[in-house]
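Okay, here we've got a single chain as structure tokens, the form predicted alone, with questions on binding and movement later.
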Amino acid sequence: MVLKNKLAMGIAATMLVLPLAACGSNNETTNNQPANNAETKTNEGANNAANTGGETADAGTKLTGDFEIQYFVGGYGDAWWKKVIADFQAANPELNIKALGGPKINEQNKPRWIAGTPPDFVYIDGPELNDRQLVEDGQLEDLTEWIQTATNVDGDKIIDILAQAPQQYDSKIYNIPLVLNSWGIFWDKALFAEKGWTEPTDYQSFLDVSEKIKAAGITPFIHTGKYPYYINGAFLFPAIVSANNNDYTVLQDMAANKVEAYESPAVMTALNKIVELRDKGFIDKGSVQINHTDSQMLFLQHKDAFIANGLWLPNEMSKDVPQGFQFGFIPSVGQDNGGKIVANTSTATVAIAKNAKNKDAAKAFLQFIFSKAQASQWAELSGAPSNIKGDISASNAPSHVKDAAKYLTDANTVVIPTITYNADVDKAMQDASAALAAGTIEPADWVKRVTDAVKKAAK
């Protein structure tokens, strides 16, 4: 799942119900899902509304007119979107809902955003959309006051049931996290059991088992070289936090374009771990030119034992997972022996366009989707965590999602809140990490490249 780029160059439960502060965030995504029609009018689903609390928060107000919803289809699929839109349509029969969804919907709708005639409601995920860029370009409705008192269709205050609070931009809220993803490292539990390999719990155990994997003729580690934010999100950023005494504010300082943060010893320590993996021959040399689905396929075929990815992976590759394959998952492997697990979370958010023509329907839809019923449906239909607090142990969520929940709810886990970097700086980090893993640059070069981009962005 490939996450979000700039909108305007012109312009990641389950609703995993976690008490915490992409497919594929940090911020960029593509997918292998078949394209949907760019516009689908949703009029079916009347039989489903009763199961989801089928009325808007303002029960006495009928929603009418046209209401457009833009949603990207990536690793999480589109089953939940089709279901929730059908439910909302059944609850509001006089509303004319137009669902604009598909793998290329962001690109298709880009001219509308530039022209100031966007859809009313947007799910911010996938290429061509970057939440920070949307905010900076004045494209999103200010929800700061509304979210303080807004309740969902069950009467719960939305802000109180969110596992991760909305990100603020100059003390303002413009978008609300719907999905709560964790980056991390995956492997096949069945393969490890068959070979007698020990599952990693820290950096040294990761190195030790990688030696055995390499000796068995399998490449230990693969990443998505065409989308290097995968290795950044799943390996580099957690390793930086571990090296910074489990303090994730170093990443927030990086996002604030503080040059000294990029020059910190913690960054250099983490970069040197990538170099160690590279120099030991643990990184698949084909990674540099490979995309997310191709790398995931090699992983499923046991050409590579570990892959850096997000929790959408099993769902995104569901049609290709071999029989007996059992996904193992840990949020981080960069910590020292006895060190805390570091979970680098990412979110995909939802928002209302500032120029939306039907803001009443858009706000009602927000109240509708942030409910426990829809949280449960999200978990079952997307195979991924979302952002509403609750216990998912008895749900039908996939086992890897429940495993992730155990880490994310553990008091000893360091949970990194979603951090959005300047798009140009993020691209510089991605390119530098790909080059570092491939052996064409060294850590000092990585820092120079990125700080040059930081200085340019700060002008």
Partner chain sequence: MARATGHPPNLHERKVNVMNSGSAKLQRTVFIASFIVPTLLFFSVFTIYPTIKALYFSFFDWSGMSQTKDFIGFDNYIEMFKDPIIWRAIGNDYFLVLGKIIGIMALATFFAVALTRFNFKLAGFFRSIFFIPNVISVVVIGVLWNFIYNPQIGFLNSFLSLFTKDQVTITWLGFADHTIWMLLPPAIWAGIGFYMLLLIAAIQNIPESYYEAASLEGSGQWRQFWTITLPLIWEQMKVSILNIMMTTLNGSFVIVWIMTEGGPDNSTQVMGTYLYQMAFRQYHFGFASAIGVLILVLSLLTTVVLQRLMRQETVELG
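All figures in this text were calculated on a predicted structure; none of them were measured in a lab. Positions refer to the first chain, counted from 1.
In what follows, reference is made to the form predicted in complex with the partner chain, a form of this protein that is not presented.
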Self-check item: the partner chain: the contacting residue among 227, 81, 123, 262 in the model of the complex [heavy atom, 4.5 Å]
Solution: 227
Exercise. Find the only residue in 133, 244, 367, 335 having a heavy atom within 4.5 Å of the partner chain in the model of the complex.
Key: 133
Quiz item: Is it the case that 141, 359 and 363 all touch the partner chain in the model of the complex, with a non-hydrogen atom of each within 4.5 angstroms?
Solution: no
Quiz item: According to a 4.5 angstroms non-hydrogen atom cut-off, is residue 267 in contact with the partner chain in the model of the complex?
Solution: no
Exercise. Tell me, yes or no, whether residue 113 is in contact with the partner chain in the model of the complex, where a contact means a heavy atom of each within 4.5 Å.
Key: yes
Quiz prompt | Contact label in the model of the complex: residue 289 to the partner chain, heavy atom within 4.5 Å | solution = yes
Quiz item: Is there any non-hydrogen atom of residue 419 lying within 4.5 Å of the partner chain in the model of the complex?
Solution: no
Exercise. Choose one stretch from 253-261, 159-167, 176-184, 291-299: the one whose residues place a heavy atom within 4.5 angstroms of the partner chain in the model of the complex.
Key: 291-299
Exercise. Give, in sequence order, every residue of 117-131 that has a heavy atom within 4.5 Å of the partner chain in the model of the complex, or say none if there are no such residues.
Key: 127, 128, 129, 130
